[in-house]
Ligand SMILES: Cc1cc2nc3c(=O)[nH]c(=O)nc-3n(C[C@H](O)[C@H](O)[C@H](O)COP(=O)(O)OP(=O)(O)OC[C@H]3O[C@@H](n4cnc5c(N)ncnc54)[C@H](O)[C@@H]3O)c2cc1C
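In the form predicted on its own, a lone chain appears below as structure tokens.
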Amino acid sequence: MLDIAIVGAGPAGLLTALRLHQQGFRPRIYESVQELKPLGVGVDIKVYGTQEIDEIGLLDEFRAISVDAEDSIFFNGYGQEIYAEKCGVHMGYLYEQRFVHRGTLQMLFYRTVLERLGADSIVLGARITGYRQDADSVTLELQHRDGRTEEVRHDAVIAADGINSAVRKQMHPESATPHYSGITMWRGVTVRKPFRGGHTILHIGDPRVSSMIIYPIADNVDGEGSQLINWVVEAERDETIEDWNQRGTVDEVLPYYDQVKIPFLDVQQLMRDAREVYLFPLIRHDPLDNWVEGRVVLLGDAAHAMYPRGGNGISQALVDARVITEKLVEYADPHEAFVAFDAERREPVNRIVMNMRGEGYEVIRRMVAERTDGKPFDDIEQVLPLAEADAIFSKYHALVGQPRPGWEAGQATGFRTWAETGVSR
């Protein structure tokens, strides 16, 4: 059985370890931080990501820490409804779409790795500074937090060390310098009572100016029925540091939402009441033309860092974990397995990377803003016909690997009236 190293104990690296363990492998994970903590804000796990979690035997535990998504509703900059669709099983998929705190999900995977693989399966405080390899093995160069340096040898290395991957920088030095898009995300969480029953994601604003996404990520966080609400605002800002942990304030983005009037949610108050706010610039990492060098392969954000839009970054990483394991079972030679993984995953994921640089299905909000010259509308059907919006959404869902149930049979799946979404005007 191959002796495999995994670089990085984020969700991608941890789930890869669990997938490999299912097939009899005993990988070892090297993580640069001294202590894993539930950091970050919300992530949107798509139906295909939930399936990956189910197949690792953690669906019940995942459901316990997350929120089921039922409705997804799109609004212009005035709070007028543009389009809505059901989510997950409520649309007809076999699995749920679920919202969760990224750090909470990571800690679930972490605890499970320790339980199934043992405490010695993860080496904390060990930063990878480089690697070299020969025909039979890979040597990782480690820098420990206590100042020690060490070299360790493994038969193969899976690099899941994230957006600032040290392995990717060595494998692809020409891609080491990413480019700032000019857009920054304000990512916050607020404790408040559920809106619309507590299972809805909102998409708000004219994206030519600013865009906002809101969804719940945890239930009953105060023992009184309140939810932890995740919200994200995109706007232009002079920023260059790619760091998930920069603290920010809402002062710069509050004015963008002065005119938003949604009956069931005070958007401005939601931002003002934030428990914490982080800044994260949208950085363009050009798609790579190869994820493999010998016995070393890139996976997750290290291979295909994409804008954190639409929940596809983490969900695609979960798919990576399954496919890399399948190839290592199929091929005795790790290089052959990694090449087969690259051949199956890289091109379709790179297409998603480029799509996420654009607007994805959020394009409908820009289309409405352009067709109305940024003004309120009287009849959305005269601005963006339901059939046109449905076609846009169906194309997007197919792109990311989750074709809409019934679409090929000509069944429309979007809806518009407030009665259908469960809220009266």
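Numbers for residues come from their place in the sequence shown, where the first is 1. Note that the structure is a prediction, hence the values are computed from the model and not measured.
Separately, the form predicted together with this ligand exists; it is not shown, and the next lines address it.
*Asks:* Please tell me which of Ala166, Ala84, Val250, Met107 lies within 4.5 Å of this ligand in the predicted complex, judged by heavy atoms.
*Replies:* Partner contact (heavy atom, 4.5 Å) among the options: Ala166.
*Asks:* Of the options Lys327, Arg345, Arg196, Arg102, which one has a non-hydrogen atom that comes within 4.5 Å of this ligand in the predicted complex?
*Replies:* Looking at the other structure, the residue within range turns out to be Arg102.
*Asks:* Is Ala160 part of the interface with this ligand in the predicted complex - any heavy atom within 4.5 Å?
*Replies:* The answer is yes: Ala160 has a heavy atom within 4.5 Å of this ligand.
*Asks:* Taking this ligand as it sits in the predicted complex, is Val7 near enough to touch it, meaning that at least one heavy atom pair lies within 4.5 angstroms?
*Replies:* Val7: contacts this ligand in the predicted complex.
*Asks:* Check whether Asp390 has any heavy atom within 4.5 Å of a heavy atom of this ligand in the predicted complex, and answer yes or no.
*Replies:* Close contact is absent here: in the predicted complex, Asp390 is far from this ligand, nothing within 4.5 Å, heavy atoms only.
*Asks:* Could you confirm whether Glu31 comes within 4.5 Å of this ligand in the predicted complex, counting heavy atoms only?
*Replies:* So Glu31 counts as contacting this ligand.
*Asks:* Looking in the predicted complex, is this ligand within 4.5 Å of a heavy atom from each of Gly49, Val67 and Pro216?
*Replies:* Per the other structure, none of Gly49, Val67 and Pro216 touch this ligand.
*Asks:* Counting only non-hydrogen atoms, which stretch in 206-214, 67-75, 85-93, 120-128 is within 4.5 Å of this ligand in the predicted complex?
*Replies:* Partner-contacting stretch among the options: 120-128.
*Asks:* Where, within 313-337, is there a heavy atom within 4.5 Å of this ligand in the predicted complex? Residue list please.
*Replies:* If the 4.5 Å heavy-atom criterion is applied to this ligand in the predicted complex, 313-337 yields Gly313, Ile314, Ala317.
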